[in-house]
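Here you get one chain, nothing else, as structure tokens; it is the form predicted alone.
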């Protein structure tokens, strides 16, 4: 028996925001953003749309794609770093919104590798016989981090834009503000006989350098855990040492891909399609150079959606599958690195 992905689906935030739209909010250009990140556009959710909303919408699509009724789902795994509330987590909220039975719902927090770690959790439950149908969801609303207050102007519904002082403030966060997008993606997993399905994982965590990418407020390291001073300092915006994260990614990801391949007696060059976390197009390009493989083996869609954290891997997998880049029998490698830091890779025979 192997764990197989039998259906997928995704949704984005309701508002498409191009690089040219962001030029009106802060000091940047389309060329500057594309050169450093590869992002051309992203989607932001409407105010009032929550992470669990996007997750539920994506889950409905995945269930329909799989041809699986809601009644068959017996475990939910929800991966996000942008939950609706400090607590409770989004898993139970999704259960209620979908009208599922009172099945267990697990929330996990591995940020950009949330879906990858979630695959391993689902695989373990299915192989142990503790579940028969798992709904795995990755969803994020990053726009809640963003410092701007002129949302209607950004969405083209108002002529009232930022002042010069506000634009200068927003520009302080330019390196992060241009990267992220809002999306939800989901997969339905079942254990089935045969050789197709998940083959193995290589997963790692190391908290030593967590301050290279973290949110420096909103936790029990502070009293109160959120203060007016922190909000004035816009600490809700992730703090990031971009150079350090880039070095970690281009060093650790090729290494962990080789690790999972060695464990499964697979040669790296046998992999037909790489589905990596969509953090930065330049990272994925560097990863393929390090593996000495053509860039065409990597499926990238960060150009259209930005970095959607826990949603990025399932979103990319869904599109690659629907576009025919992944066919029955294809050897697929999932890989990613996320804050914490967590990183890993998984192999799957489609």
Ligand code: UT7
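Numbering follows the first chain given and starts at 1. Predicted, not measured: the structure shown is a model, and the values here were computed from it.
What comes next is about the form predicted in complex with the named molecule, which is not displayed.
At a distance of at most 4.5 angstroms from the named molecule in the predicted bound form, none of the three residues 75, 117 and 190 contributes a non-hydrogen atom. This chain appears without its partner; in the predicted bound form, the one residue of 161, 147, 242, 92 with a heavy atom within 4.5 Å of the named molecule is 242.
Proximity to the named molecule in the predicted bound form, defined as a heavy atom within 4.5 Å, holds among 279, 256, 105, 198 only for 279.
Although the partner is absent here, residue 284 is not a contact residue: none of its heavy atoms lies within 4.5 angstroms of the named molecule in the predicted bound form. Under a 4.5 angstroms non-hydrogen atom cutoff, the named molecule in the predicted bound form has residue 112 among its neighbouring residues. At the 4.5 Å threshold, heavy atoms of residue 36 reach the named molecule in the predicted bound form. At a distance threshold of 4.5 angstroms between non-hydrogen atoms, residue 167 is out of contact with the named molecule in the predicted bound form. Just one listed stretch, out of 59 to 67, 293 to 301, 44 to 52, 23 to 31, contacts the named molecule in the predicted bound form at the 4.5 Å heavy atom level, and that stretch is 23 to 31. Taking the named molecule as positioned in the predicted bound form, the only residue of 180 to 218 that brings a heavy atom within 4.5 Å of it is 213.
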